[in-house]
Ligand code: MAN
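We begin with a single chain expressed as structure tokens, specifically the form predicted on its own.
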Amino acid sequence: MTDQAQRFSQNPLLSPADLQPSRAGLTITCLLNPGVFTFQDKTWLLVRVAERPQQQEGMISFPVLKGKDIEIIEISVDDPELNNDDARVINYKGADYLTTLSHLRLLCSDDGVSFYEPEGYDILQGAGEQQAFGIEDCRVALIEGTYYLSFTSVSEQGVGVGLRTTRDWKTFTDEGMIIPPHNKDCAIFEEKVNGKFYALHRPSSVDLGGNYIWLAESPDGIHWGKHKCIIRTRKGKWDGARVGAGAAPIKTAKGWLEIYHGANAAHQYCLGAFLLDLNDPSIVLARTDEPIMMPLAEYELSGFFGHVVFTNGHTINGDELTIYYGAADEFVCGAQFSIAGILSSLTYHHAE
């Protein structure tokens, strides 16, 4: 396997201690998987910030949104109806809860390396019962002057895709849940194809089928249909358990280049790439047989959930692709790639 990533020497760029909690009584457990965009000549991250109360001995406590307030639920670790084997999910009395509550936080940078929270921009929090367990892993697409924010909405009703739009990052239009549970990893193309919006997304099935990448089209960026499965897992390989889209596909002369994540049965996450036809994105032209990036650095191997590199966003400068990624479900990092280098690593006879 060849890792193509040129990691920033300053990594991790952001750690939980670098930000303040959204409110008193909560602590930041981890920073994850930022959406990325440019605005006012700066590089911006829309970072997922996961919070929970300080844990007390003998108790498990976690936050849940109730309207605009947060309710803290506390359970004794000795409760026979509690299953807390997973660091991310708690099962109590047959119901699942997240151990943390996530919101989205805006940070910007003049150099793409040092990020800070600018004044005058609000935290983006969950709203309503479909987002009671938080909003996560936002992808940002700029289309004809409007930013489309597709993110994961989490609640006891399931995990689906929410959408908000903005032109100035001050006011937002909430379009609600555009793809119902169970679905996530929605990346909207930043250019219409033959007059239509396109998006990648990932429905999930535990009984039949699998965690595959699908393509959908839309007349308006809100109502989606004509869904088609285009990328499947590959048994026994680095992406054998699940796959999901990263950020918006990159338009190249050879096709739409998509950076995606894959995980194996041991829950180790790597990045790969595939190529779609420019005029018909439902046609997969090529795919990398091996990862272009895998967890190697200590900050990728050890953290809240180790052996993870996971991206939702990037910037492009000619052939230089700068990917901002979540490492070990705790840190925000950066790495650079050559687009030509990724294209040259594609294997066309592996297209599916």
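Numbers for residues come from their place in the sequence shown, where the first is 1. Computed from a prediction, not measured in an experiment: that's the story for all the values here.
What follows is about the form predicted together with the ligand, which we do not show.
Partner-facing stretch of 170-178, 118-126, 152-160, 76-84, counted where any non-hydrogen atom is within 4.5 angstroms of the ligand in the model of the complex | Contact criterion met by 152-160 only.
Kindly confirm or deny that D3, D239 and A273 each have some heavy atom within 4.5 angstroms of the ligand in the model of the complex.
-> No.
Residue among K226, K196, R88, K254 with a heavy atom within 4.5 Å of the ligand in the model of the complex | If I apply the 4.5 Å criterion carefully, the residue I get is R88.
Residue among A132, C108, A216, L98 with a heavy atom within 4.5 Å of the ligand in the model of the complex | Filtering the options by heavy-atom distance leaves L98.
Close approach of H201 to the ligand in the model of the complex, 4.5 Å, heavy atom = The answer is no: H201 has no heavy atom within 4.5 Å of the ligand.
Residue contact check: D329 to the ligand in the model of the complex, 4.5 Å heavy atom | Flag for D329 set to yes.
Decide whether E136 counts as a contact residue for the ligand in the model of the complex under a heavy atom distance cut-off of 4.5 Å.
-> Within the cut-off, so yes.
Note that the ligand is not shown here; using its position in the model of the complex, name the residues of 42-72 with a heavy atom within 4.5 Å of it, in sequence order.
-> The one in contact is R48.
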